[in-house]
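Below sits a lone chain in structure tokens, taken as the form predicted alone.
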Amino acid sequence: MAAIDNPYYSHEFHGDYDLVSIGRLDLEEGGSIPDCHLAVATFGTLSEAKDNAIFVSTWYSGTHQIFREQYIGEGHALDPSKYFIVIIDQIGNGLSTSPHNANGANAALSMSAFPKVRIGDDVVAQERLLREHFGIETLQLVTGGSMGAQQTYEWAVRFPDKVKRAAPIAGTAQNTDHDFLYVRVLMEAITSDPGFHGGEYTSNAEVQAGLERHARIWGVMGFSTEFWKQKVYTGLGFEDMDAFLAGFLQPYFTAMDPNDLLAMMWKWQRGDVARHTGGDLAAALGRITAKTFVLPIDEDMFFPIRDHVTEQAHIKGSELRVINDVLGHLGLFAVNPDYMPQIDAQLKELLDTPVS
């Protein structure tokens, strides 16, 4: 089936960005994307020596726009007056090459025919773009949250000589069985909608019921038990739980493309740097030479602190820095005014730490 239009994936909703082709991308699982386009947003000016670059990776369902709005700017650690900050949207997120927008040379990959893409494919594509398009060979910092943390670990393990500092936020180097199962349920919420038609729908609106179910399941784990117990949503202007779900989470997800979400979820489930070392996670993390701050969110139900602690122990010279946020995993959206000051403090300290 041909690619379909979805107005959500446009400059109107995601601000300025460029689409950059990196050409053919061969995939870990086999096959290739003939003409892989990546959506790229940049902030600041690349130094003549090309030694002031920071790379930021995107999370599930997210784009560069959340970073533009919340994480980047004067007074933040990600300060474009000091650094050249590059955000590359992951493959399948709706802006970069994705199931719903695959056309031209990629037309045969549209919709349900889209190939399986891994976190490693994203990172290979990102490294190629940074090197070939910008001439960037080393990065002062790689950071990202959730699936962005998975990409951060992949960068630090796969390209240790290119990453001086790493800050994975609320995400792990090896996905857990519990997370795999949870994501399976998220996927089933979408694919069980009769309007999904095996991935060959003509509009995301045909899958609205499935997308709404998907959103409500996010409410179960995306926010912490304390978020619901303390009725934090009332401070966001919602009178009760149902009003919050209907007014916040459901509109967020129902605007998106189901196949795009499924492509990202498949990647999320299989995030695992240990595949570089025959399944030995300690050996894989032992490859990391970047000065690393591991940043879990204390109330995160997807990626609890104990999972971060286990991995951090294998990273030489790394430090565990816990972010406190009652929202849990979706604290990443920086809704809580206490969140960004913590992130900025940790990233500033990391960036100020001398590295070889």
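Note that the structure is a prediction, hence the values are computed from the model and not measured. Note that residue numbering follows the sequence shown and begins at 1.
Omitted here: the form predicted in complex with a further copy of the same chain. The next part is about that form.
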Item to check | Heavy atom of Tyr233 within 4.5 Å of a further copy of the same chain in the model of the complex | outcome: yes
Item to check | Thr138: touches a further copy of the same chain in the model of the complex, heavy atom cutoff 4.5 angstroms | outcome: no
Checklist entry - With a 4.5 Å heavy atom cut-off, would you call Met301 a contact of a further copy of the same chain in the model of the complex? => result yes
Checklist entry - With the partner left out of view, is Gly219 within 4.5 angstroms of a further copy of the same chain in the model of the complex by any non-hydrogen atom? => result yes
Item to check | Contact at Glu188, Thr225 and Arg306 by a further copy of the same chain in the model of the complex, all three, heavy atom at most 4.5 Å | outcome: yes
Checklist entry - When a further copy of the same chain is placed as it is in the model of the complex, which of 70 to 78, 153 to 161, 225 to 233, 258 to 266 ends up with heavy atoms within 4.5 Å of it? => result 225 to 233
Checklist outcome for this item: Exactly one of Ala282, Leu181, Ala205, Ala108 comes within 4.5 Å of a further copy of the same chain in the model of the complex through a heavy atom, and that residue is Leu181
Item to check | The single option of Pro251, Gly104, Gly286, Pro194 touching a further copy of the same chain in the model of the complex, heavy atom within 4.5 Å | outcome: Pro194
Checklist entry - Using a 4.5 Å cut-off on heavy atoms, which residues of 240 to 273 contact a further copy of the same chain in the model of the complex? => result Met241, Asp242, Leu245
